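Form predicted on its own, single chain, as structure tokens, below.
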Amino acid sequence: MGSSSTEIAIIGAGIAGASAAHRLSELGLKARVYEAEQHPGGRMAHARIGQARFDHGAQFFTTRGQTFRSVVDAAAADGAVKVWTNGFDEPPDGYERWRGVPDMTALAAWLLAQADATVHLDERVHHLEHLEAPAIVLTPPVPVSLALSQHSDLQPPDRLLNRLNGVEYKRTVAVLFSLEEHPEGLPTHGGIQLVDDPDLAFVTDNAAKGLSDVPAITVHLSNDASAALWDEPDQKLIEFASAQVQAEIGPIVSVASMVERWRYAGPIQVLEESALVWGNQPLIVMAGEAFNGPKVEGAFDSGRYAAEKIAEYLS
């Protein structure tokens, strides 16, 4: 898949992988990034239905630590991110919720561009040893990373394997609706976050958010509803989401729709380490949102930590 190189191989071009590449570049190391999808971003994903555009994974991110905030400020100066809203309650809580520009994939794409990383999109890695890299960063969800490492005979030692096998994930179903007209029952910024609703978790007006030029909403079912309805056919999910969202915001007229299933929407258990490290020639570092917290900033911090452990190993 690649020639022998001192470049570090990174599996996954989500925030953790992009952050690892970015930090490696700061440390004077080059990265090759392999992404199975056709775009970077991981769960910060976007889709189209005709002219309608949707963010359908993570809808926003926040900044808490100074390191992440400094990077976000630099991305904002380049036009890759901007503040969407200062809260979803009435009145808003004043805490900034950021979005990507033009969509949520933009932050990962910006990090990779800043890193000058070699990025292989739409390229799934089947065996790690084919990468011929001195160190490999695994950033997919833990079960996916574990399966790949075991298939490559580079699995972690038992003391780590037992812990990683215990990491479980929530599921989320997203239903995307292209509409005849803009919905009337959403706030001007276009987002509703439902914390205790048994059926809905989030509703986004992608036009009000600044993403779509035509009416388009994203409906995230709650974790409970997603788990209960996971195996139902798409049409049933569309009908269920339509009924629930109309009860919440009022009538909508859909002209087209699509279902996106997130099997690994977020970890239920979070490991206390920033990443896990094992092996030698190659060194394996597993990072991502299951380390450091199930948020965008946690994945970012985990990727940076992975890069720093690799630089330490190679020094």
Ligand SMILES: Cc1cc2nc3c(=O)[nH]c(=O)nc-3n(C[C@H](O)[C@H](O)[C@H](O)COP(=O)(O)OP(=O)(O)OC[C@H]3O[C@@H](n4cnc5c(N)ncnc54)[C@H](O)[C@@H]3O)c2cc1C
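All values derive from a computational prediction rather than experimental measurement. One-based numbering along the sequence shown.
Heads up, the form predicted together with the ligand isn't pictured, but that's what we're talking about next.
Although the partner is absent from this view, residue 306 stays clear of the ligand in the predicted complex, with no non-hydrogen atom inside 4.5 angstroms.
Contact annotation for residue 172: at least one heavy atom lies within 4.5 Å of the ligand in the predicted complex.
A residue is said to contact a partner when one of its heavy atoms sits within 4.5 Å of a partner heavy atom; residue 262 meets this definition for the ligand in the predicted complex. In the predicted complex, residue 275 stays away from the ligand, with no heavy atom inside 4.5 Å.
Between the options 156, 183, 140, 100, the residue in contact with the ligand in the predicted complex by a heavy atom within 4.5 angstroms is 140. Heavy atoms within 4.5 Å of the ligand in the predicted complex map, among the stretches 46 to 54, 22 to 30, 250 to 258, 286 to 294, onto 286 to 294 alone.
Residues 34, 35, 36, 37, 41, 42, 43, 44 are the ones in 29 to 49 with at least one heavy atom within 4.5 Å of the ligand in the predicted complex, listed in sequence order.
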